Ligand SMILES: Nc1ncnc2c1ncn2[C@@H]1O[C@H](COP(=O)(O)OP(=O)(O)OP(=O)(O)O)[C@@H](O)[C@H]1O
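Before any questions on binding or motion, here is one chain by itself as structure tokens, the form predicted on its own.
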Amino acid sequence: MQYFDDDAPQVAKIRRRRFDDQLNDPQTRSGRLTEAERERLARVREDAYTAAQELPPGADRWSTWVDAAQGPHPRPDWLVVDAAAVDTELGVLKTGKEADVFVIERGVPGGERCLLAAKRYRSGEHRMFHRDAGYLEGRQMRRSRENRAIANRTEFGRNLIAEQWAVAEFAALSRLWSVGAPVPYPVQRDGTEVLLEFLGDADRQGSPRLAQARPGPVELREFWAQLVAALELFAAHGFTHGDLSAYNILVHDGQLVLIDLPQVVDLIANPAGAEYLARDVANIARWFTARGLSEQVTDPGALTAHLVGIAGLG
């Protein structure tokens, strides 16, 4: 038995903005290390001492919501958007080669508050993105100087690459969340920092990854059905995860949530899009098969063909 229907009507093609449109949108370029950005950072440093004196005890900074690229509407009720809010770091949630993730509490002193996950991409000299050249296909910038810097991996170019990862992840999450995909709500992006919905419990413990789960036969089949539905929705909007594995999926309140999407692939703009899609399917199907789900159900070839059709690549 399979959890997708080869005879189902094709999902209508959706006119989508390309990644290079997102990258050149003035609202998404605010964190790039241009002269204007350097001047902004200089002003921030000049004001830092004064601002620090005014912060409530224990707070690390004022909320950066007002000046950041903000998440899509309708915004969740739990989100604190008050300009008087402050951010307090509560600890490290995850460390990685490309970015570190911290738990942040944003709240108005004596009032409403919420938990966020702050994903901060590492500085250019430490960045180790996996096969970034392939992922960056279809994300070209319009300025030749910037494209040369990226191609030559200069310090400026590496910072631009980090910006591209942050912009790509935030833009994709915004679009996917808006159509109901199982991804965290993207709260905001400020330069190379992306704030996301914190997925965890009341004790501020992050939700476990699928790789840590030990589902029984019934739950395993339910997880597979959820995953196929998510991949169908991604494909319908022209995406594949790009690095899908059981380590990039959370189990939150019995539901799968796909995370870590800086390398998300635009299936239309990237010439190797279909290859990345096939690799994603093969990787995750292998995990489910190893835990006892029938190969007839997880058949990666059949599922890939199904998703290629939905994406309009066939």
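Fair warning: this is a prediction, and the values are worked out from it, not measured in the lab. Quick note: we count residues from 1 along the sequence shown, nothing fancier.
One more form of this protein, predicted together with this ligand, exists but is not displayed; see below.
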| query | finding |
| --- | --- |
| One residue of 199, 230, 171, 85 in contact with this ligand, assessed in the model of the complex (non-hydrogen atom, 4.5 angstroms) | 199 |
| Selected contact from 176, 117, 235, 166, since only one has a non-hydrogen atom within 4.5 angstroms of this ligand in the model of the complex | 117 |
| Touches this ligand in the model of the complex: residue 113 (any heavy atom, 4.5 Å) | no |
| Non-hydrogen atom contact residue 247 with this ligand in the model of the complex at 4.5 angstroms | yes |
| Residue 190 within 4.5 Å of this ligand in the model of the complex, heavy atoms | no |
| Residue 69: touches this ligand in the model of the complex, heavy atom cutoff 4.5 angstroms | no |
| Region of this chain that lies against this ligand in the model of the complex, out of 190 to 198, 76 to 84, 217 to 225, 104 to 112 [heavy atom, 4.5 Å] | 190 to 198 |
| Sequence-ordered residues of 96 to 110 touching this ligand in the model of the complex, heavy atom within 4.5 Å | 98, 99, 101 |
